[in-house]
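A lone chain, given as structure tokens: the form predicted alone.
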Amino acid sequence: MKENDIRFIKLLILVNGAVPLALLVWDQSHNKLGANPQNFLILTTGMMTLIFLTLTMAVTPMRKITGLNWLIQFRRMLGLYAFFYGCLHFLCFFSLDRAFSVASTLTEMLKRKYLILGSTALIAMIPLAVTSTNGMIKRLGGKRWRALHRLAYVAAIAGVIHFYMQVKADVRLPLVFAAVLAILLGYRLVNYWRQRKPVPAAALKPKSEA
């Protein structure tokens, strides 16, 4: 794919990734967030976090399956959007639900275990965001950088469980996220197993000349 096309797609991702936030700001300013605006903001930002986390994790399987290696160039932006909405999700909870009270927040986390899982997901994304630049990749080295960025799996798993535990009645949507995540992780496990599987000794022997 041409460089101009890649830049255009990046621009589309940048603009479309900001659309949910723009809609939230618009609805908030026009009092259209429903009967419980506070809860709507917290749930929506959390949902966007999971969506972008899932999209980020889908890039590598899609690249390998389709052979479209240029897809990897969009993973960083998707991951940063996941971190951005994750921070916004926590900020909405911390400000609107806990009134910026650290003590109240910690007490609530001890009472509601799903909040600990949500915090785990957000904390796991911090080093991913910090080391997302080309400079940090060179500084860490490819092997260590890839090992560190497996924290994305931790963030995604913790985030999905957090969502499932937080939903009190209709768990269909959390289960959809769980199913998609299971497929993405399953693909990685199968791919890893294939790469680690030893080659039979017979296949390594050179064929005898005719």
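These numbers come from a predicted model, not from an experiment. A residue's number is simply how far along the shown sequence it sits, counting from 1.
What comes next is about the form predicted in complex with a small molecule, which is not displayed.
Asks: Does at least one non-hydrogen atom of L122 fall within 4.5 angstroms of the small molecule in the predicted complex?
Replies: Yes - in the predicted complex, heavy atoms of L122 and the small molecule come within 4.5 Å of each other.
Asks: So in the predicted complex, does any heavy atom of M57 sit within 4.5 Å of the small molecule?
Replies: Heavy-atom contact with the small molecule at 4.5 Å: absent for M57.
Asks: With the partner left out of view, is K113 within 4.5 angstroms of the small molecule in the predicted complex by any non-hydrogen atom?
Replies: Because no heavy atom of K113 falls inside 4.5 Å of the small molecule in the predicted complex, the answer is no.
Asks: Indicate whether K143 is a 4.5 Å heavy atom neighbour of the small molecule in the predicted complex.
Replies: K143: no, not in contact with the small molecule in the predicted complex.
Asks: Specify the contacting stretch among 26-34, 57-65, 144-152, 159-167, defined as having any heavy atom within 4.5 Å of the small molecule in the predicted complex.
Replies: So the stretch in question is 159-167.
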